[in-house]
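The chain below stands alone and is given as structure tokens, in the form predicted alone.
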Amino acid sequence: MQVLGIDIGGSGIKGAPVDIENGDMLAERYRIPTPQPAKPKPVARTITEIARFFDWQGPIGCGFPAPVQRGITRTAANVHDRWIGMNAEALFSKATGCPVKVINDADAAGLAEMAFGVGRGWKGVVLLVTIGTGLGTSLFTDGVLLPNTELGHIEIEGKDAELLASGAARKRGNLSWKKWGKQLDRYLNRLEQLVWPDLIILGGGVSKKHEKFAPYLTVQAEIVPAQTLNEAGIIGAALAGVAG
């Protein structure tokens, strides 16, 4: 079965058709800059443009940077405030003429990694942390997703964890890998105290440089870099789209 997976980000919206049996992208991903400001109707038009680019007629799955409950987006950290309380599934379905399922973007990445990456076959508790402009999390028990965890926003010493341990925080503070790695370690230790994962998967762009900061991580859980990397959001969104 083929599903069009779309990953909606603060700076870009990208998509590709995916074979959900093996996780293979069936074409090179097509990327369009996210409209600014990222209001609902311009974003919907962009998704329609991606669908038309692939001459798409079937189901679509979209990863969105917010908690998503029954198709409704609840926050708007990296998009316009008009998304709060918006029925994104209805909006995108009407715009594209296709059945659409919308899921939190970190949850989408987690689905991809559990199905086709290092989480495949793992039992127990698996936590995926996506490290980029912000911090995203997805949590699984015996392969079953607990959606919308949003653990990137826990407080550490009175500050949002994203201000301490995200990729943007490293760049903003011009931090060495050692100093940033220790800050990431503080965050991961706090997560371990909360959910006690058996495996922690680190995703996002920074995971490609895992060897630069891994020596500074002290959590008890096994820590591994994600395998699906930048394709995870598209692949996981496509998996979610089966229910669309």
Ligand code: BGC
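Keep in mind it's a predicted model, so treat the numbers as computed, not measured. Heads up: residue numbers just count along the shown sequence, starting at 1.
Only in words, not in the display: the form predicted in complex with this ligand, which the text now covers.
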- Query: P67: heavy atom within 4.5 Å of this ligand in the predicted complex?
  - Reply: yes
- Could you tell me if H153 has a non-hydrogen atom within 4.5 Å of this ligand in the predicted complex? yes
- Item | is_contact(S93, this ligand) in the predicted complex, heavy atom dist at most 4.5 Å | no
- Examine D105 and determine whether its closest non-hydrogen atom to this ligand in the predicted complex is within 4.5 angstroms. yes
- Heavy atom distance at most 4.5 Å to this ligand in the predicted complex, all of A77, T130 and E162: yes
- Heavy atoms, 4.5 Å, this ligand in the predicted complex: which of 170-178, 110-118, 85-93, 135-143 makes the cut? Say which one. 135-143
- Note on the structure: Across 8-36, the residues having a non-hydrogen atom within 4.5 Å of this ligand in the predicted complex turn out to be none
